[in-house]
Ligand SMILES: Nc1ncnc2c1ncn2[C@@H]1O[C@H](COP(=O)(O)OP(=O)(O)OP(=O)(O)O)[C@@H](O)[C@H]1O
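Before any questions on how it binds or moves, here is one chain, the form predicted on its own, in structure tokens.
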């Protein structure tokens, strides 16, 4: 049995009394890449921000939600840790995040060296030690530190900025790295280089990844296990082979049909309808207005999350007993 690093249990998040993440359960095991996949606005980044405790003030996490971190001698509920302790002992030291949008995540008015120094000062890291670590990390992400440390963000390409963000996230040796859309807005060749580099870093530093993406084809190249999210709920979870070669949920099947495989000559299929409005979610299964297999019970009752085969879970009335 693999060792759990992080466990999310019954996570419920609301904005202005509108629930956007509902009843989320999952475990991330040490050394794996766990992916959250779904359309924009489905709640992926909200889950990541809940783990990092960087949600906006308007957000509310239900009192019975738990985010358990297992790298300590005893599991620690990160939602119950005081902010000062979390900032000093967990954020960036145990769990770090590469945010979405490299262009908006780096300060355009300071050099890359100063980005590393600011992070070091915020976490009481020795300046000399931080600079030596930054040098090694930039080399690890295939950048020339002698050149890059003196550059401003505007002087670098999108791929270079993404690599700098990854190096920054690793400055304090975290065990879990959350990657929020790490290849968005990059060309195909640069995306491939970033994926290869992430696999190399994972092996070199013994990292565990939580990957957030709407690009299901990207996930196939890097993930070990995948959770498919729709309307703030996990609708299917399994290893990457099951998700891609034996999908169960109609939403997962729809996502896969929208991606063309090499050598296929067909029009990509789209999922009919629009993503739901969280202020007036439909009753029953939240996907039923867009589902080609919807039944009466789908419109009335939300399906349970069940194991249909070993380590393959799905929330769908096509498989659940009524």
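Positions refer to the first chain, counted from 1. Here the structure is a predicted model, which means the values were calculated and not measured.
The same protein also has a form predicted together with this ligand, omitted here; what follows describes it.
For the three residues 15, 41 and 181, a heavy atom within 4.5 Å of this ligand turns up in the predicted bound form in every case.
Proximity to this ligand in the predicted bound form, defined as a heavy atom within 4.5 Å, holds among 278, 26, 70, 29 only for 278. Proximity to this ligand in the predicted bound form, taken as a non-hydrogen atom within 4.5 angstroms, holds for one residue of 119, 100, 87, 239, which is 100. This ligand is not shown here, and in the predicted bound form it never comes within 4.5 Å of any heavy atom of residue 93.
Interface membership of residue 308, defined by any non-hydrogen atom within 4.5 Å of this ligand in the predicted bound form, is ruled out. At a distance threshold of 4.5 angstroms between non-hydrogen atoms, residue 258 is out of contact with this ligand in the predicted bound form.
This ligand in the predicted bound form is not approached by residue 123, whose heavy atoms all lie more than 4.5 angstroms from it. In the predicted bound form, this ligand lies within 4.5 angstroms of at least one heavy atom of each of the following residues of 48-77: 56, 58, in sequence order.
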